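A single chain, nothing else alongside it, follows as structure tokens in the form predicted alone.
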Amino acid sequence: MSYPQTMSRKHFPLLTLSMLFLMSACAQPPDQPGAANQTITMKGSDTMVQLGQRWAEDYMKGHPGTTIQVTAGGSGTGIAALINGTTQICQASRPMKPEEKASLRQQRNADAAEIPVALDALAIYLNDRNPIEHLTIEQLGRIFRGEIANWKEAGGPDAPIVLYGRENSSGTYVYFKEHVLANADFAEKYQALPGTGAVINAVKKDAGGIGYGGIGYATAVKTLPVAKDASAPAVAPSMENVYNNTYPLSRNLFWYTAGAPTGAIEELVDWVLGPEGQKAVSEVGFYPLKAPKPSQ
């Protein structure tokens, strides 16, 4: 199967990706007699690390000659590793920037192959005790910029807002800053945490807390419906609303490779995009690239 070096990101049902993977493969498939064992390394997105680990576990069960090593560190870390050649697959929860693609071309003499592998609703997390029922993108931007500092200004109780989120190496941080803060700075009191799980734990324990992250991590917290603007309806971060493009913070999760994938990496990509790999996406809590067929 051949892949274009860059795939379109305009239609969510066709696209995806999140944590970065480095992969080194032998030329001879492991299933063939006499084939050498091979190791594939993936590095990147913290949002995608659990998904990457699940893919690795499931794939290795059916391919005993293959070892897949998955590490996190953030989308930016994975992209840097892909550029310097220390990983074969980068998992990213944001698209590579033009300057990053140019650096890859310069340092590795290869164009970035962008492969959507899953869909995500970037969810807004609230503590279960918070009575707020929905917010607009504009309100979220003002909250995370520090312009709204008390929940009563957003229709909630008289209590200070406590901001939790990701560090700046995170693709989720970059996406949120671009799409919600309009590239403005986060408030001084913003607490940057090392992973989405840490954001969930902080919000779960803090009645005044608010955070953001991938839908696959949204357990034991309230996920908030979000409105595009004050005149639009609030939309929940559900699978249906991601597929119909009505949830305003829908996004793709990506894999990147230096040049089109070949050999063992291509085989893994084909598997991830196939029924088994996409089933794992649903089981981890994210959304597959295409809507599941209704049961008969």
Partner chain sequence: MNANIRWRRRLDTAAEKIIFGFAFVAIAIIFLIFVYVAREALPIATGSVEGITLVSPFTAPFSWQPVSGAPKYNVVPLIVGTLKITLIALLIATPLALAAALYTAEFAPGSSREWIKPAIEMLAGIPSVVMGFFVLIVLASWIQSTLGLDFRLNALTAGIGLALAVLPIIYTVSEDALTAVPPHYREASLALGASKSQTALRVVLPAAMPGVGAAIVLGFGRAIGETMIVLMVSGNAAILSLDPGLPARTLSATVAAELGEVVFGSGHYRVLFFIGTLLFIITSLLNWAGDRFKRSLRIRLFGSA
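Residue numbers count along the first chain shown, from 1. This structure is a prediction, so every number in the text was calculated from the model and none was measured.
Keep in mind that the form predicted in complex with the partner chain is missing from the display, and what follows is about it.
**Q** Exactly one of Tyr164, Tyr217, Trp151, Tyr175 has a non-hydrogen atom within 4.5 Å of the partner chain in the predicted complex; which residue is it?
**A** Of Tyr164, Tyr217, Trp151, Tyr175, the residue with a heavy atom within 4.5 Å of the partner chain in the predicted complex is Tyr164.
**Q** Scan Ile137, Leu193, Ala113, Leu122 and let me know which has any heavy atom within 4.5 Å of the partner chain in the predicted complex.
**A** Result of the distance check: Leu193.
**Q** In the predicted complex, does Glu188 have a heavy atom within 4.5 Å of the partner chain?
**A** Looking in the predicted complex, residue contacts with the partner chain include Glu188, since a heavy atom lies within 4.5 Å.
**Q** Does Gly211 reach the partner chain in the predicted complex if we count a contact as any heavy atom within 4.5 Å?
**A** Outside the cut-off, so no.
**Q** Using 4.5 Å between non-hydrogen atoms, is Asn201 touching the partner chain in the predicted complex?
**A** Residue-level check for Asn201: yes, a contact with the partner chain.
**Q** Is it the case that Thr71, even though its partner is missing from this view, gets within 4.5 Å of the partner chain in the predicted complex, heavy atoms only?
**A** Flag for Thr71 set to no.
**Q** In the predicted complex, which of the stretches 113-121, 85-93, 218-226, 178-186 has residues with heavy atoms within 4.5 Å of the partner chain?
**A** Looking at the partner contacts, the answer comes out as 178-186.
**Q** Is any part of 66-85 within 4.5 angstroms of the partner chain in the predicted complex by a non-hydrogen atom, and which residues would that be?
**A** Gly76, Thr77 sit within 4.5 Å of the partner.
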